[in-house]
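Take a look at this one chain, the form predicted alone, written out in structure tokens.
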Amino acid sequence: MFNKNDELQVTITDQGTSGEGIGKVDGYTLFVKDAVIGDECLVKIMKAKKNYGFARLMEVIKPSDSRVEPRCKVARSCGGCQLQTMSYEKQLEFKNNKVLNNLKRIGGIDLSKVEVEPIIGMDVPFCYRNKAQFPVGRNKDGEICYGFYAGRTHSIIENDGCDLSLQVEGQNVCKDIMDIIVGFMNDYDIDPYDEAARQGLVRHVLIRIGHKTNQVMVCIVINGNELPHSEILIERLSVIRFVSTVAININKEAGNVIMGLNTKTLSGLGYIEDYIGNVKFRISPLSFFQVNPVQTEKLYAKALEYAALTGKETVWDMYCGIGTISLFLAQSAGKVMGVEIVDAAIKDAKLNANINNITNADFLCGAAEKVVPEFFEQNKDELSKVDTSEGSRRSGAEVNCGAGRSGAEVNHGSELCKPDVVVVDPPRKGCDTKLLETITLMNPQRLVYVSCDSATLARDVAWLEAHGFKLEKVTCCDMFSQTIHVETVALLSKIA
């Protein structure tokens, strides 16, 4: 039995799902943050359990062949990147194995019967994030600072130039913007928010960047209703020619939710625009938009490939957000129905459809696990009569399909809405069982599952395989290089 503060030498032989190295000493398992498979390390036990412990990396005695020098000077202390000490080739291997192991262990999937395609890696695994959220506070010297939270804390690790942030024409606009905001706060005695005391004004700064448009949005999250001397800040930010919108977001609530519900535009139009493929999207401060624009196109292209659309199919897109996947697929589908719980996102989705002159996409507002079962229940008789053969695709029964209400009851009655393909892109918690049950009743021929959490993907795939579907193909896509996160696209087909 080992104890807290014991120092040991250990060889790392495995990697945990959170990126930590795993090694054993006399049968005792140690989890070591920042260690890489193959490292021979000196570690210090920080928490000791009966059969395992958590240890701090003190020294790398002999580095692994997969160990690299981190590009960021605060990579170990910052909570943003967990894998910067691992070569990019090894990162891709780690992520692919993580997904496949979850499918096997959690889902019980026999992968010998599944086509597992190579992971889609990045050409340049840095400078990809089109969104940054910087907490603002004071450092130990009482100076205003910004950066990122250390892992599992709200302690700010100062970072004036994150290597993951998207640059604009070679300019680190995030650093330039934050330096202007900190200078402005100092000049006008504007305090950062103190979470413990619940005092101070400026909590976070959100910066969004259009990858293809170079448009930049700055949104200051405040613990109040107004930002004093905001006209001065707008003037100072105008020296960065890419800044097209400045806004404030009001968040006076306690807790760790970054954004409040109300946003005020101070200058510009209140949004920026960007593209996924040929589809233009309007992005407001509260919009969900994938943070890696280059990989998003690759991810959606794989989803489109799996959907196997010919231009005649009806597609349902669950958890559609501002319509990113819906409108991407609508270019190749007969009809797309998107479902999303956030009312503002549905409004953005409709607006984005209009901007792109896409007329074959409609949207329902509400929780997918609620409105889709309601929709199916209301229309099950009509849907059950629909002949889905190719010859009758456009002459099937009339159903209440459309958009524009905050529930399942909608009234564009002329479109055929029985799905040939269902696409789901749920949050980390995965799909609600009620939604999965309804999908099986809707009886699509193909189900494309886009997942940001392979553990819940594996759980849901196991459920679907037990209810008439078969996992056919899987592809991982590295959307978040240097971190433990990975996206997955899975194709399930209806068993005849």
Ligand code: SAH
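What you see is a predicted model, and the numbers here were worked out from it, not measured in a lab. Numbers for residues come from their place in the sequence shown, where the first is 1.
Keep in mind that the form predicted in complex with the named molecule is missing from the display, and what follows is about it.
Chemist: Given a 4.5 Å cut-off on heavy atoms, tell me which of 453-461, 35-43, 425-433, 51-59 is the interface stretch with the named molecule in the model of the complex.
Modeler: Result of the contact check: 425-433.
Chemist: Closest heavy atom of Y319 to the named molecule in the model of the complex, within 4.5 Å or not?
Modeler: So Y319 counts as contacting the named molecule.
Chemist: Does E340 reach the named molecule in the model of the complex if we count a contact as any heavy atom within 4.5 Å?
Modeler: Contact with the named molecule, yes.
Chemist: Can you work out whether Q91 and the named molecule are in contact in the model of the complex, taking contact to mean some heavy atom pair no more than 4.5 Å apart?
Modeler: Outside the cut-off, so no.
Chemist: Is S284 one of the residues lying within 4.5 Å of the named molecule in the model of the complex, judged by heavy atom distances?
Modeler: Residue-level check for S284: no, no contact with the named molecule.
Chemist: Give me the residue from C174, A368, L329, L233 that has a heavy atom within 4.5 Å of the named molecule in the model of the complex.
Modeler: Only one option qualifies, and that one is A368.
Chemist: Quick one: of Y193, F376, Y300, Y128, which gets a non-hydrogen atom within 4.5 angstroms of the named molecule in the model of the complex?
Modeler: Checked against the cut-off, the match is Y300.
Chemist: Even though the chain is shown alone, can you say which residues of 272-290 have a heavy atom within 4.5 Å of the named molecule in the model of the complex?
Modeler: Contacting residues: F288, Q290.
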